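Consider the single chain below, provided in structure tokens and representing the form predicted alone.
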Amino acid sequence: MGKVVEKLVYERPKSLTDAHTHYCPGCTHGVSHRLVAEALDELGIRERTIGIAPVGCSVLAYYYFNVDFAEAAHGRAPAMATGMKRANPDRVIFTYQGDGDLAAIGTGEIVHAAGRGENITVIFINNAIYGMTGGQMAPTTLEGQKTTSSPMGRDISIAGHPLKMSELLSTLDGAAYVVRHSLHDVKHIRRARKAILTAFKVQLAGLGFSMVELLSTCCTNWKMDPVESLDWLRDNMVPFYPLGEHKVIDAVKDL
């Protein structure tokens, strides 16, 4: 019998800790965490990176990333990131924010950070609902989508239209790289991984503001099992929130 050769094909990224997750079963926050960690490892920037956790489901993000982390008040992560980057330009600064954090209470912060062209990286998780606080309607909730605060479905005549943050921020001169991807299947997860890697390269090259929006699931508040939630994201969120590059300046294409 021949000698058995063992080959390691999968392991935890060095930029992730071994902490047990607090996220609900089926939540794609864990997928996005891994993609960010893999990017930090691949670029060799773990020791010089500082992350900023928001308020929301990812409020405990600092438990999972093996990098320095700070906690920002709700919506203020881009403002904190601005100060950190300006005071420590050699550091790699990223925020990790949900839609309630970035697109509601933090709208002013994210718009002006992008407008100023702050050299930071933003990872934006869009699951079209408030997750941690009980499933209320978010700025990104789809028309007709039922939540605890819109039990009959979002009525745009009352609540207005959902905000498309990637399209909004892409209009600003300071934005260098703004893209939207999805986490509903392997093909799209791979595309999201490449985008996150590019976003950090944009910061390392000093090109300005970058944001990767990731369409994500919320099984608990959508009241679906994990497979159903992935299908719902694909069938409902992707058509409304077009995937792809919403702004890529020419200098990014050379990275």
Partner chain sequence: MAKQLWKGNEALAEAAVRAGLVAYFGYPITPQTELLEYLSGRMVRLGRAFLQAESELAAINMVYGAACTGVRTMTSSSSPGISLMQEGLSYMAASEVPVVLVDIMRGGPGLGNIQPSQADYFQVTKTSGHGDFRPLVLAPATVQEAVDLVYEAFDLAEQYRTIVIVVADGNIGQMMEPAEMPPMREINGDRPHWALVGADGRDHRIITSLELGAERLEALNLRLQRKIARVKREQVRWKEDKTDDAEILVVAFGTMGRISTTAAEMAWEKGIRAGVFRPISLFPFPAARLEELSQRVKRILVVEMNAGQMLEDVKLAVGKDYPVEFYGRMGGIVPLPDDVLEAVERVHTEL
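Residue numbers count along the first chain shown, from 1. What you see is a predicted model; the values in this text were computed from it and never measured.
If you look for the form predicted in complex with its partner chain, you will not find it shown, but the lines that follow are about it.
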Proximity to its partner chain in the model of the complex (heavy atom, within 4.5 Å), stretch among 204-212, 28-36, 63-71, 225-233: 63-71
I'd like to know whether R86 contacts its partner chain in the model of the complex, with contact meaning heavy atoms within 4.5 angstroms. yes
Answer yes if any heavy atom of E42 is within 4.5 Å of a heavy atom of its partner chain in the model of the complex; otherwise answer no. no
Taking 4.5 angstroms as the cut-off for heavy atoms, does I189 touch its partner chain in the model of the complex? no
Does A104 reach its partner chain in the model of the complex, with heavy atoms at most 4.5 Å apart? no
None of M80, L142, L172, L163 but one has a heavy atom within 4.5 Å of its partner chain in the model of the complex; the exception is M80
So, V59, H112 and R116: all three within 4.5 Å of its partner chain in the model of the complex by heavy atoms, or not? yes
